[in-house]
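First, one chain by itself: the form predicted alone, in C-alpha cells.
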C-alpha cells in the first residue's frame, strides 16, 4: 500500500507542479495585488482593504456582480434543462452510430467562440433572421428591440456558447447507468415517469452537477459576449474587470474585483451543493 501511494503521488506530481505554477502562484500574486492601492501612476507601499471596502460600498460594483450571477444562473439553467433531454435521447434511444450523433451535436462548437457570438448578432439583429422571418410572416410590424443589445441576447448567446460543457458530462453520466437497473425497476411495476425520477435522475445527478459548474463558472466572468451582444444594461462584472486591467490601468482594483467574483462563485457553488444534498436526502 505504501508503494502504491508513492506511485500515485509520483504520477500526480507533474500535474500538481503545473497547477501550482500556472494557477496557484498567479492567484497568490493577484491576491497580494488586490491589497495594493493605486495613487496616480504608482502604488502605495502599505497594504490595505480599501479596494474591497470600495467594492462592498459602491453600488456599481455590487450591482454588476449580482447581475452577473443572475445572468449566469439563468444561462446555466436554460442550458442544463435543454441539454438533459438531448443527452437522455442519445444515451437511451440511439442504438447505433452514437459517435455520429455526438459529432452532429457538438459540430457547432468546433468553430471559434467569437464566430459563434457574431453569428448570434446576425440572428438577433434588427434585420436578422428572427426579425426578418417574423416580419415576412406578418406577425410583427417592426423589428423586436429586446432581441439584441439586451440581457436576453447575452443569456441566449451564453447558453449556446457553453452548451457542450453541460451536455457532455450529462451524457456520460446517463450512458454509464446500468440498463439492468431500469429493467429491474420496470419488473417491480414502477411506471416510466416514476422510474425516471427515482432511478435515472438520481444516478445522473453527478453529471448534472458537473455540467452546472462547468457552465456556471466561466459564464459569470465572461466579458466578450456582453460586449458584443449586450447593451449598457447587460454589462457584467467581467467587463468591469477587463476595463480596470486595460483602459483604466488600475490593476489592484481589477485584482480585487476578480477575487470578489471568485469568492461569490464559491459561495453560490457551495449553496448549490447544499441544495442538491438536501434534495437527495429528501428523495430518500
Partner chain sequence: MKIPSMISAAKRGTLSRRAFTQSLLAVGIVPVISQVAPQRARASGTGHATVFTWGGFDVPELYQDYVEKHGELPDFAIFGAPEDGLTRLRSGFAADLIHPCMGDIPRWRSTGLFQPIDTSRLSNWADVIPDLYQEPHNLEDADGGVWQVPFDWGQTSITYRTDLYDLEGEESWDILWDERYAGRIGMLATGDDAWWCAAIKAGVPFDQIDTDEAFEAIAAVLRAQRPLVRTYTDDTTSLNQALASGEMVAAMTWNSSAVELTFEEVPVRFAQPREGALTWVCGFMMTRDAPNPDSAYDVLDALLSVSAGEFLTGDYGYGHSNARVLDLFDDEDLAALTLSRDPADILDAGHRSIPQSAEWNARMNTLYEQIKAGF
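Numbering follows the first chain given and starts at 1. Please read all numbers here as calculations on a predicted model, not as lab measurements.
Keep in mind the form predicted together with the partner chain is missing from the figure; the text below concerns it.
J.: With the cut-off set at 4.5 Å between non-hydrogen atoms, does residue 92 touch the partner chain in the predicted complex?
T.: No, no contact at 4.5 Å.
J.: May I ask you to state whether residue 121 is within 4.5 Å of the partner chain in the predicted complex, using heavy atom distances?
T.: Yes, residue 121 sits close enough to the partner chain in the predicted complex that at least one of its heavy atoms falls within 4.5 Å.
J.: Taking the partner chain as it sits in the predicted complex, is residue 228 in contact with it (heavy atom to heavy atom, 4.5 Å or less)?
T.: Contact with the partner chain, yes.
J.: Within a 4.5 Å heavy atom cut-off, is residue 52 in contact with the partner chain in the predicted complex?
T.: Flag for residue 52 set to no.
J.: Is the partner chain in the predicted complex close enough to 84, 196 and 221 that every residue in that trio has a heavy atom within 4.5 angstroms of it?
T.: None of them does, since no heavy atom lies within 4.5 Å of the partner.
J.: To test your reading of this chain, name the stretch in 36-44, 22-30, 212-220, 254-262 whose heavy atoms come within 4.5 Å of the partner chain in the predicted complex.
T.: Among the listed stretches, the partner-contacting one is 36-44.
J.: Which of 115, 186, 104, 140 has a heavy atom within 4.5 Å of the partner chain in the predicted complex?
T.: Contact check passes for 115.
J.: If you look in the predicted complex, which residues in 243-280 sit within 4.5 Å of the partner chain (heavy atoms)?
T.: Those in contact are 243, 245, 246, 247, 248, 249, 251.
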